[in-house]
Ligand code: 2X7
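Here's a solo chain for you in structure tokens, the form predicted on its own.
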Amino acid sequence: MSRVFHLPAGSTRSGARRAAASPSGPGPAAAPGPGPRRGGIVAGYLAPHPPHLVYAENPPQNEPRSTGGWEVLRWGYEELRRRLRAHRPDVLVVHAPHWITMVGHHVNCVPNPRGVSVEPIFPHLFRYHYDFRTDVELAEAVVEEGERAGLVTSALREEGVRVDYATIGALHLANPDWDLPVVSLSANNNPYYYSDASLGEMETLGAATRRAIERTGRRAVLLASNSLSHMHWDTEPDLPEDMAAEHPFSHEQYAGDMELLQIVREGPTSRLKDAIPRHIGATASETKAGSLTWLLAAMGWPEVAGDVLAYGTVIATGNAVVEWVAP
């Protein structure tokens, strides 16, 4: 694992931060003692966040209006929503590549984030008014477990900080009713600058997330908010939802996605430990931010296959909606 990310576990700085932690805000109460109800991670989803998918749905929270588009991916999300409900989760935990932090891993501990999330490249598609609850107890537990594992972790408690569009996009597409509390994690951006950084860091964060979920007794569903191949157009059609202009960036990018998804479909997930880095090198994949590795590590790299619910391109980037169910 990279030297860049690590501090000795239980440092003076992290200990002081835990001592100053605020009490839990809105969110589900911790599960009672031993009983029939079982906590833990029940499922994980690769849940890409292209703002175009939210735009195409015309939800009341998003200001721009659309005539549709990207239906196959949106149908995949409809199936994701149906399955998510069947898992009866207490909380959604999301890792998103566009909440970028340069030092360590941050966890949103603001009880009720509210505001407008704007996609900086496509503000004409995504200006989304959000208002949701954070499971603060679980969020604080993730911070603590990350510190115990030797990670640099921080609790975001500043009211009014704008939530990034990748977090909002994945959460809306998975649960447009916004009736479940959330824990959101940042993406440390060091892999884009330091050659000695590795996805092993995300395995540590995933294991810490799992311990926090089990410790608090939550039934959790995880969302990895990233696309696959990430080469994209630098212009768009006059009508953004014109599907005549939508296709893969290149055959090589498409073929790389299909190679990875075939391994996903065959299983077990342990094969993806080698396949994900290869895919990143071949396709400039957004999984470089670590969201998918975090999800699978949190689930313990289960000996199961993933269920690919949909695949499609958005401005030429490859996007797959995939489910893994905990054994």
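Sequential numbering from 1, following the sequence displayed. Quick caveat: nothing in here was measured; it's all calculated off a predicted structure.
The form predicted together with this ligand exists for this protein as well; it is not shown, and the discussion that follows is about that form.
This chain appears without its partner; in the predicted bound form, the one residue of 230, 133, 219, 211 with a heavy atom within 4.5 Å of this ligand is 230. In terms of contact with this ligand in the predicted bound form, the residue from 127, 157, 98, 74 that brings a heavy atom within 4.5 Å is 98. Proximity of 119, 122 and 286 to this ligand in the predicted bound form is complete: all three residues have a non-hydrogen atom within 4.5 angstroms. Of the stretches 291-299, 277-285, 257-265, 48-56, only 48-56 has residues with a heavy atom within 4.5 Å of this ligand in the predicted bound form.
Shown alone here, residue 309 lies farther than 4.5 Å from this ligand in the predicted bound form, counting heavy atoms only. Contact residues in stretch 152-181 (any heavy atom within 4.5 Å of this ligand, taken in the predicted bound form) are limited to 165.
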